[in-house]
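In the block that follows, a single chain appears as structure tokens, in the form predicted alone.
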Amino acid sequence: MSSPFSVQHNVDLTTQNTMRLSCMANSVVKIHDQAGVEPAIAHAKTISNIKEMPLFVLSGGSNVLLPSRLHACVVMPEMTGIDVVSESDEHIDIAVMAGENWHDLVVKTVQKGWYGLENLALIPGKVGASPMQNIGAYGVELADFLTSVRAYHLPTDTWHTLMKAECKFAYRDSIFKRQASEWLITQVNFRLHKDPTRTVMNYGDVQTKASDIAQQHHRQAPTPIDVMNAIINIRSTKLPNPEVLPNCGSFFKNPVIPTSQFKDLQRKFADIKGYPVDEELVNNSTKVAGGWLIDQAGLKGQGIEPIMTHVNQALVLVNHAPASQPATQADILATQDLIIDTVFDKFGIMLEREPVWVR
């Protein structure tokens, strides 16, 4: 019988983060199944106590910026599995283990006729990391379909099932992000629906692309599979594959500003892109397209080598450093500060970094 967890020391994590930043970790504990969580954490705490370093949870490395030396005992949840909890004519409840690949989950559910996640296709990372920043794209957020999270609280060695409200989700935020490395997420539970007409298509050019795909298959209206494939096509065109060109997705949050400020900017920049944060707040807050701000500031495809904005999507920073000389946090910081300062000088809007900066 294989061990429920494994341990390594002095581990190179350069290929374990999608930005491919140079990083060496003191120790790594990989958890292979849920039964291994408690003994794995106990062992990790023994290592961390002896070496006087903290625990750090790393799940896929898709939304983190790692230091060159990570003085921590890194815990990696790698348990996999997708289980049906309950099902009706309208809905299905599923439990998904943290080590499952996110995009693979989206494809599997949509192909089975379990809908809701199709707009979140091609987002890199693992399921266990998805609640951290409440991943979202094309008018849909994780919180729209998540019901609860099963997690182990590291400071108290206690298990918790956090219902959606307890996760304190906000735009690209959650209790797990605010209390980084306090929680080890082992399972994420979803309620998906079976109504193919409920798919969200009113964001960007999703409906146009999905309708084109539907017509190619002689369908009168787009199906959720058409929407998923449309979003895969859009993201593939606009966003770089981290396996080919290292990146961690959207580097900056789309800033939310007072609508009065947005209207003032509209008078100066007629084609500025913005969306109401909420129908009830339409007169108060507007979300501005951060990529448009960076593009209009003249920084699309620009930066400080080796970290540049992507030529097709200015909101994404890409790493052009060769494998023989990996980039570091200092390289990230140089381009990040250039973008923040330039956008603020031009628009009076302060951009905020989205991925977690690990000290």
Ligand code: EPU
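In this text, all values refer to a predicted model and were calculated from it rather than measured experimentally. Residue indices: 1-based, along the sequence shown.
There is another form of this protein, the form predicted together with the ligand, and it is not shown here; the text below is about that form.
A.B. asks: Any chance G249, W292 and Q313 all have a heavy atom within 4.5 Å of the ligand in the model of the complex?
C.D. replies: Yes: each residue has a heavy atom within 4.5 Å of the partner.
A.B. asks: Using a 4.5 Å heavy atom cut-off, indicate which stretch of 95 to 103, 142 to 150, 156 to 164, 237 to 245 touches the ligand in the model of the complex.
C.D. replies: Residues of 237 to 245 come within 4.5 Å of the partner.
A.B. asks: Should P196 be counted as a contact of the ligand in the model of the complex, where contact means heavy atoms within 4.5 Å?
C.D. replies: Flag for P196 set to no.
A.B. asks: Just to confirm, K253 within 4.5 Å of the ligand in the model of the complex by heavy atoms?
C.D. replies: Yes.
A.B. asks: With heavy atoms only and a cut-off of 4.5 Å, decide whether A137 touches the ligand in the model of the complex.
C.D. replies: Heavy-atom contact with the ligand at 4.5 Å: present for A137.
A.B. asks: Look up in the model of the complex whether K300 has a non-hydrogen atom within 4.5 angstroms of the ligand, and give yes or no.
C.D. replies: Close contact exists here: in the model of the complex, K300 approaches the ligand to within 4.5 Å, heavy atoms only.
A.B. asks: Let me know the one among R172, H71, K108, H91 whose heavy atoms come within 4.5 Å of the ligand in the model of the complex, would you?
C.D. replies: So the residue touching the ligand in the model of the complex, by this definition, is R172.
A.B. asks: Which one, K112, K273, K168, R191, lies within 4.5 Å of the ligand in the model of the complex by heavy atoms?
C.D. replies: Looking at K112, K273, K168, R191 one by one, just K273 meets the 4.5 Å heavy-atom criterion.
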